[in-house]
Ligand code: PGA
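For reference, the chain that follows is the form predicted alone, supplied as structure tokens.
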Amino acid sequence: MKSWVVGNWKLNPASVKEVQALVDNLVDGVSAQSDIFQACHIVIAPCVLHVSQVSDILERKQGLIQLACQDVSALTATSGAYTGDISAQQLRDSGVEWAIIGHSERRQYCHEDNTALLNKMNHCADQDLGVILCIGESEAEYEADRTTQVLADQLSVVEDFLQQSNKVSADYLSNKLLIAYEPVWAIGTGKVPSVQDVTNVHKFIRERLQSFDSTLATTPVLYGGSVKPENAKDFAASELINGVLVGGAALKADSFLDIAKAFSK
């Protein structure tokens, strides 16, 4: 199984010029060492304002890096009177291959729940847009030893999706779903769980997915939370950690590519 290294840029960079420089540096770095990165899927998720700009650059480079968006509409898969939303169809038309959904910041600031996430998954499947589903517990939940309980509830959206989506193909399930475990207390805080702790959680996630459908046995499970070049090799050494969702370190081409190298070996 190839590893996945996904860069979530969040609300960065601030200017078109900075976006251009970052993407150019990433593409140049991957092109120069394409033999190394063949064992790793590299994905970047700019803010929606910069998606078209980034898509144009990546298209000229023939798929060396895949493109994701940080969200997708829960209201429609196509178009309609939904001011401010971006649909799965519009994203696909712009060259986007993946949508991040369920990120803890969206859950917190936008009050997104499983109902909204289920709608988003259905809309993505309708347009053959891949889903990167983020799950994770808060620090209070972690300290109360409720991690697996919280994750089971968040993963139930996948079970509901399977039960309601009769038209979803086995190919879509096998190739268009990534799970990203991001303990909220580790995102951008510098607090990092041990590799063994993450491995144990990933084992639980994988077992839970397989209980929904045997097709999910090979679903990649990624880790996110203060991932840096300094700790990437440790996470890459675990067979149950199939990649990483990177935040701050994705905003510097060198550090992001160093992380990708760790998962390319």
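Sequential numbering from 1, following the sequence displayed. As the structure is a computational prediction, the values presented were derived from the model and not from experiment.
What follows is about the form predicted in complex with this ligand, which we do not show.
Quiz prompt | Val227: touches this ligand in the predicted complex, heavy atom cutoff 4.5 angstroms | solution = Yes, Val227 lies within 4.5 Å of this ligand in the predicted complex.
Exercise. Verify the contact flag for Glu105: yes if a non-hydrogen atom of it lies within 4.5 Å of a non-hydrogen atom of this ligand in the predicted complex, no if not.
Key: Looking in the predicted complex, residue contacts with this ligand include Glu105, since a heavy atom lies within 4.5 Å.
Quiz item: Is there a heavy atom of Gly80 lying 4.5 Å or less from a heavy atom of this ligand in the predicted complex?
Solution: Gly80: no, not in contact with this ligand in the predicted complex.
Exercise. Considering only heavy atoms, tell me if Glu137 and this ligand come within 4.5 Å of each other in the predicted complex.
Key: Result no; Glu137 lies far from this ligand in the predicted complex.
Practice problem: Select, from the options 67-75, 119-127, 145-153, 180-188, the stretch whose residues sit within 4.5 angstroms of this ligand in the predicted complex by heavy atom distance. | Solution: Looking at the other structure, the answer is 180-188.
Exercise. Note that this ligand is not shown here; using its position in the predicted complex, name the residues of 232-250 with a heavy atom within 4.5 Å of it, in sequence order.
Key: In sequence order, Leu245, Val246, Gly247, Gly248 come within 4.5 Å of the partner.
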